[in-house]
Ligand code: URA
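Given as structure tokens, the chain that follows is alone and in the form predicted alone.
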């Protein structure tokens, strides 16, 4: 019996399950451009409301993985780390060169910004001439020569995810647990890795705001990992405030470089070191947490992580001089402080709105074809629980539009809440699981 895509939309709309053959038909039609955008959008919305059962998630993941070329690397230290998306999350930019300096192979297929969250690819694209659209062969050469690459989905690498990724943003279906799961796992399986660390964000700045949603997603991912016999560690971490101090593409690149030079905000350091130690232990590269921490510190202190980051900039065509000269990066015309309207403690930060304000300044997309202003964003001076005086600077706004800058200052009054009472700080790490 011949399959037509309209019948698949109808089936999913009505809550029926799709067969492996039907899912493969969808992915084939997608990459061959035989299905119009409006039908794919309807299909994504049907999945958003009706979900996918576990069998459908696995079949969609495998079909997406097989839509492009698949890497095969030798050795047991072929790993990757992935985040579900946060505000100010630049962990991949820091951890990847550290691990590569230790001899790990890290084939990282990453994404652009989704909704209010930043994307690793957009951060790297702020480096002049840095190429993220690497060919399959260029990726293999980068692994051979420097141990890692960070590239986006292309016509060769997980093309099905590349297309769905952009449409999810444009159709408000980003938060769908099955679509997040299939997007992540299809990319990671195509990388040919033997270990994955997944960071699931929860809190007011995450797609999965409620811990119960995040845990449900974590268990789905672990179930997939067990089924396909993939070694994984899964963390649920906090996103009730931006991670580190910088929010915005070029600003986060600078913070990542500064981290590798030794300037390490407490929350960012805890996440980087926790993940680094976990990878070293789970891959049996090292036997104790203490030794793992010493090794990570040694790589940073000797400048090996920084040099490895510089190597990837050079390898992927970027201006490596940014390591010492940040003026080469895109720089916003205006840099102005937002001051505390009253004294007290930083009681609450609406992190999702911080992400959307960064987008409003030009730092993200509302449509797939939007150009990104890589220079805009925020530098946080005060974080949750910190005491502030009236008139004290809370953050620095980087903008290129004076009118938008003024609007952002007004909106920040509703985004950052100051109270006389000191808040109870959320933990940085809520949950941990493994396969």
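These numbers come from a predicted model, not from an experiment. Residue numbers count along the first chain shown, from 1.
The next section is about a form of this same protein that is not shown, the form predicted in complex with this ligand.
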Given the stretches 177 to 185, 123 to 131, 266 to 274, 300 to 308, which is the single one in contact with this ligand in the predicted bound form, using a heavy atom cutoff of 4.5 Å? 177 to 185
Position in contact with this ligand when the complex is considered in the predicted bound form, options 81, 168, 162, 90, heavy atoms within 4.5 Å: 168
Going by heavy atom distances of 4.5 angstroms or less, which of 146, 234, 322, 114 would be at the interface with this ligand in the predicted bound form? 114
